[in-house]
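Here's a solo chain for you in structure tokens, the form predicted on its own.
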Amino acid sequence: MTGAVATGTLRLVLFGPPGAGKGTQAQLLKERLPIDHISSGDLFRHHLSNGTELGELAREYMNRGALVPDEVTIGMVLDRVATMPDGRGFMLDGFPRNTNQAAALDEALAQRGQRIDRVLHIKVDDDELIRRLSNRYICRKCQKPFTRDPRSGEAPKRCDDCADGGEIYQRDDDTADAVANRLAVYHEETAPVLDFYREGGILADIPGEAAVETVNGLVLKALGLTAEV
């Protein structure tokens, strides 16, 4: 594991339900490790913002809190992986979401003489996930997340990171009802992937309800890393 980190060849999957903090942990790892962050959500948003046919198809499913069909998701992510230089490491965020996708990923990597090294499963209870996501708002321009003010209960109107104050909005799939539906889909279709990777001996369960720094410490420990890489 240590050698893979040093050469930037480590291949990770960040796994967990919506709102578990995968994106945050991915960003922290990206700052430490010379590997690429491949977020299925970012890929979808790229197509959404550009109004492509794939983007419009993805929007239809995402607005209902449902999973995008496998053939779309698999093709998009594997195409991204295939364009990477040989030996370059990566971390997948939001993929695979079911055993069909996991098997397709394994097969594609095997054809390149590669495999997934570690799967980090960030665990958070459903009640906490609903609380987090139903209070989440996004800058339409830079995608920075915001939450309601705990005193007023109101969300900010403009992004303080954008020069022209990007508009703050709540995604259609972050309403309480949509979140509950997303979690139901996750438990039914996505959770079995844990067994797929557990049988392979590469799954690490990470409690995800603590402070970001604490969760990150557990992530680093699961990767065999200390405070210094």
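None of these values were measured; they are calculated from a predicted model. Residue numbers run from 1 along the displayed sequence.
Just so you know, the form predicted in complex with ligand AP5 exists too; it's not on screen, but the next bit is about it.
Residue heavy atoms within 4.5 Å of ligand AP5 in the predicted bound form occur in exactly one stretch of 191-199, 162-170, 66-74, 49-57, and that stretch is 66-74.
Leu133 is the sole member of Leu133, Leu92, Val119, Ala104 with a non-hydrogen atom within 4.5 Å of ligand AP5 in the predicted bound form. The closest heavy atom approach of Ile206 to ligand AP5 in the predicted bound form falls outside 4.5 Å. Interface residue remark: Thr147 is counted as part of the site for ligand AP5 in the predicted bound form, having a heavy atom within 4.5 Å. Taking non-hydrogen atoms only, Ile38 never approaches ligand AP5 to within 4.5 angstroms in the predicted bound form. Contact annotation for Val215: at least one heavy atom lies within 4.5 Å of ligand AP5 in the predicted bound form. When contacts are defined as a non-hydrogen atom within 4.5 Å, all of Pro17, Lys22 and Ala210 contact ligand AP5 in the predicted bound form. Residues are counted as partner-facing when one of their heavy atoms sits within 4.5 Å of ligand AP5 in the predicted bound form; in 174-189 only Arg182 qualifies.
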